[in-house]
Structure formats: C-alpha cells, structure tokens
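Before any questions on how it binds or moves, here is one chain, the form predicted alone, in structure tokens.
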C-alpha cells in the first residue's frame, strides 16, 4: 500500500467552507441514501441516459422501488461515462476523487482499474461513511477517504495519473482548484469534471440557476470560467461533451419520485430554457 502524505493542519479555512461542511455533515437526504441502498454505491451526482419508462407501470406497491432503482442505474451510468474519459489507467496508477461525497465513484474506479484511489471531502461525516463502505467491500487497502480540502490536499506533487470532480467544482474557486490539480497530476495525466455551469450567452445566472445555488449553498460558475482557469494552469481540454439533453430524462423521472427535493423544477427549467448546461470536460496536464 502506498504511503499517504500528511494532511494540512487546517482543513476548513473560511466561513463559507465551514458552512458547506456543516450542510453536508447534516445532510441525510433520501435521494442520496435510498438510491445508494440499492447496491451499496452511494453517489452525490445526477444521472444520464434513456429512462426505462416501464418502471412507471406494473404493481403500485412496488412502483417506488422500481423508480429508485432506475434513478440509481442512471446515476451509476453517469459515473461510468466519467470513468470512460480518464484515459489509460493501469493497476499501479493512483487516482484522486476530489469532492468524493459518500464515495461511490471511487469504488467504481477501483473495480474497473484495480488501482489505488484517494477521495477527499470537507465533510467528516461523508469521509467516515465512505471509509466504512470501502471496509465492507474489502477494498480499504486501495480505496481511502480523507478529511481534506481539495484546494490543498497535502498529497505529493506529480503523484496522480488522473483526478476528477463529479459535480463538486461549484463549491470552490476554479483557478485555485485547477492549480492544485495541476500540481498533483503527472505530466500527461488526465483531469475530468462533470459539472453544471451557467450559459454565458444568456448573460448571467438565470432565476432558476440562482434557485439551484440557494438550494445547495453553492456558487455555479459560468461555462467560460472552466476553460479560462484550465488554460491558466496547464490543463488542455481534449474532450467536451454536452450532457444536458441526456440528463433531462433523469430529472423528469426524479420529479415523479417520493425522493424529490423541490429542486427538480429549477433544474428542468434551467436546462430547457438553455441558461444551464451539464458538461463533461476532460483535459490533459501539459
């Protein structure tokens, strides 16, 4: 097992970071927990792909369980698409899941590539939960979660073959984030993010995007900010995929479920009006 460097002494450095950590430490949302209970992969992101509408048919007594399982399938499919873009990963490589949530994507990366994966979160509760899941699966020797700040992880320079953010970039300054990622990536290493970003062409945050920000205590960035911050830090995009149309069916299904949180309408409005995009960006460290 590879040694892991010591964490910086102070993880939560601003009042905003402390408020975000408090939000996620208190979070017990069924839309995250009940979906993860399906197979033990707990995600903190959304889904993509064609919905199997047959889940809305059949016995009423099992309808909700079918919807939950289908939503989880779509969220796992989203993580698979992200992992597809990490490039040529070998068992000896080391990966970083930045803003790992309850750790589902890290588990999937280890299952696929057989390599070591470290996840970081500023929520101690998420970290403890994720480490327990890794232990239950018998992979805690290769999949480890840490209470660390993704803007200053303490991991070794050039130690990572690939790093990803799955819907977590809206909590941080992008220039700071990509500088830290670039530091940790080896030359030619791959960075991938899937994120929601607002459309510069529409002239700022729409009302619906502002409602999403308020719901999650986040700060959604404009699309252009990602490419400017990557360019400033030696990250050159190799693939940009607009997943907006592919995620709308997930949100339509979620709106019909018992785990809807009230944020479904702002997401659907923002996507449909074109003020909000769901993008995958893959970039190489040069």
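Numbering follows the first chain given and starts at 1. Keep in mind that this is a model prediction, so the values were computed, not measured.
Below, we turn to the form predicted in complex with another copy of the chain, even though it does not appear here.
Residue 184 falls outside the set of residues with a heavy atom inside 4.5 Å of another copy of the chain in the model of the complex. In the model of the complex, another copy of the chain sits within 4.5 Å of a heavy atom of residue 198.
Heavy atoms of residue 206 reach within 4.5 Å of another copy of the chain in the model of the complex, making it an interface residue. In the model of the complex, another copy of the chain sits within 4.5 Å of a heavy atom of residue 213. Shown here without its partner, the chain carries 89, 93 and 154, none of which come within 4.5 Å of another copy of the chain in the model of the complex through any heavy atom. The partner is not drawn, yet in the model of the complex one stretch among 42-50, 222-230, 26-34, 254-262 has residues with heavy atoms inside 4.5 Å of another copy of the chain: 222-230. The single contact residue among 159, 202, 131, 124, judged by any heavy atom lying within 4.5 Å of another copy of the chain in the model of the complex, is 202. Think of it this way: in the model of the complex, another copy of the chain has a heavy atom of just one of 56, 69, 248, 240 within 4.5 Å, and the residue is 240. Annotation for 252-270: no interface residues with another copy of the chain in the model of the complex [heavy atom within 4.5 Å].
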